[in-house]
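Given next, in structure tokens, is a single chain: the form predicted on its own.
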């Protein structure tokens, strides 16, 4: 067998002895390696991965909004829902992807590896699809576990690789649409499975059930009624100071001395600037709200917060009602030492500088002396140890 590529002869027959292990002829004999199985697993994976991608976009643009984006303040659980679904569908995709790769294994090692330049380009595109999918799921899982054995900035890498992977998926589906249609049109099992082996139907069912089990045993991080079966979840929503988890403690943020300093002053820098001591903040009209704190790792907890409405501070300082607001922390290092508030969230009655949590003064690890808490907002933007509120002049706001 000889193929010509750009005028160069490639004698695949001479390379035949190099085919060892999974590359050898006849290495794949299982009936599970079929387009029927691959098509059904691909459909399930497309639904899970596609949902994960769309909810991931919501998370990204909530954290890094474009200039024209103004996210609604209601429902207050918007981010809790979208990020919970994002992590749940990403987790469910792991066993589905493993089963899908097993089903199409022979195609990955097809011989000859390239019949033409066009075929070579098609095979190369699979590297983007498979590599991107594996990268997204592995790094996403490690992010949930808050383990980062790499030097790149995870959110941006995760975002851009997601686009590459989805693009490769669209191209792959377009190229294989007839194969997919044919695979879905045929029944899974047309003959009995060999004794002691799985049938195609059982294999697909096992993959779907495995996805359901890992989701059920992790989604309790978001869905409180399922917390009892959350045996594989990375975080317990009721463990931590004041029954609330902590991602970054005061010690880790190197903030303890500044946060406990008796000379603390909140600076509100508007057209009519003023400063407030902690006792003056406590003397202002206090408001209590029930809002979730929702983290990018997928966990979220509903809590009771009390404090001063941000809109009252903005009105007192003479801010324009449509102005974007910059919130700065006493923390001097780290990516999330500041955040931005846009309307309508900045003017929502539930957006507070929180002073109390679940009926007690705010714990140091939760942002004492005061922290931002607002509806429908990622936890990384709920700035802790707030030092200053001012007019936003740039950045993500």
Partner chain sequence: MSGKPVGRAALILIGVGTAAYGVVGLFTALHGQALRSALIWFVGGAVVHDLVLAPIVATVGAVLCRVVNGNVRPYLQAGLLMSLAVTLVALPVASGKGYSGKNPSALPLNYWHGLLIALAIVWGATLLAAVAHVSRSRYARARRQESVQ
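Residue numbers count along the first chain shown, from 1. Just so it is clear, the model here is predicted, and its values are computed rather than measured.
Below, we refer to the form predicted in complex with its partner chain, which is not included among the displayed structures.
Enquirer: When its partner chain is placed as it is in the predicted complex, which of 305 to 313, 258 to 266, 322 to 330, 144 to 152 ends up with heavy atoms within 4.5 Å of it?
Expert: Among the candidates, contact is made by 144 to 152.
Enquirer: Judged by heavy atoms and a 4.5 Å cut-off, are 108, 198 and 236 together in contact with its partner chain in the predicted complex?
Expert: Checking in the predicted complex: 108, 198 and 236 are all within 4.5 Å of its partner chain.
Enquirer: Sort through 274, 135, 77, 71 and report the residue having a heavy atom within 4.5 Å of its partner chain in the predicted complex.
Expert: Contact residue from the list: 135.
Enquirer: Of 130, 85, 317, 223, which residue is found within 4.5 angstroms of its partner chain in the predicted complex when only non-hydrogen atoms are counted?
Expert: Going through each option in turn, the one that passes is 130.
Enquirer: Is residue 300 close enough to its partner chain in the predicted complex to count, meaning some heavy atom within 4.5 Å?
Expert: Outside the cut-off, so no.
Enquirer: Using a 4.5 angstroms cut-off on non-hydrogen atoms, would residue 89 count as touching its partner chain in the predicted complex?
Expert: No.
Enquirer: Find out whether any non-hydrogen atom of residue 289 is located within 4.5 angstroms of its partner chain in the predicted complex, and reply yes or no.
Expert: No, no contact at 4.5 Å.
Enquirer: Considering non-hydrogen atoms and a 4.5 Å limit, does its partner chain approach residue 248 in the predicted complex?
Expert: Yes, residue 248 sits close enough to its partner chain in the predicted complex that at least one of its heavy atoms falls within 4.5 Å.
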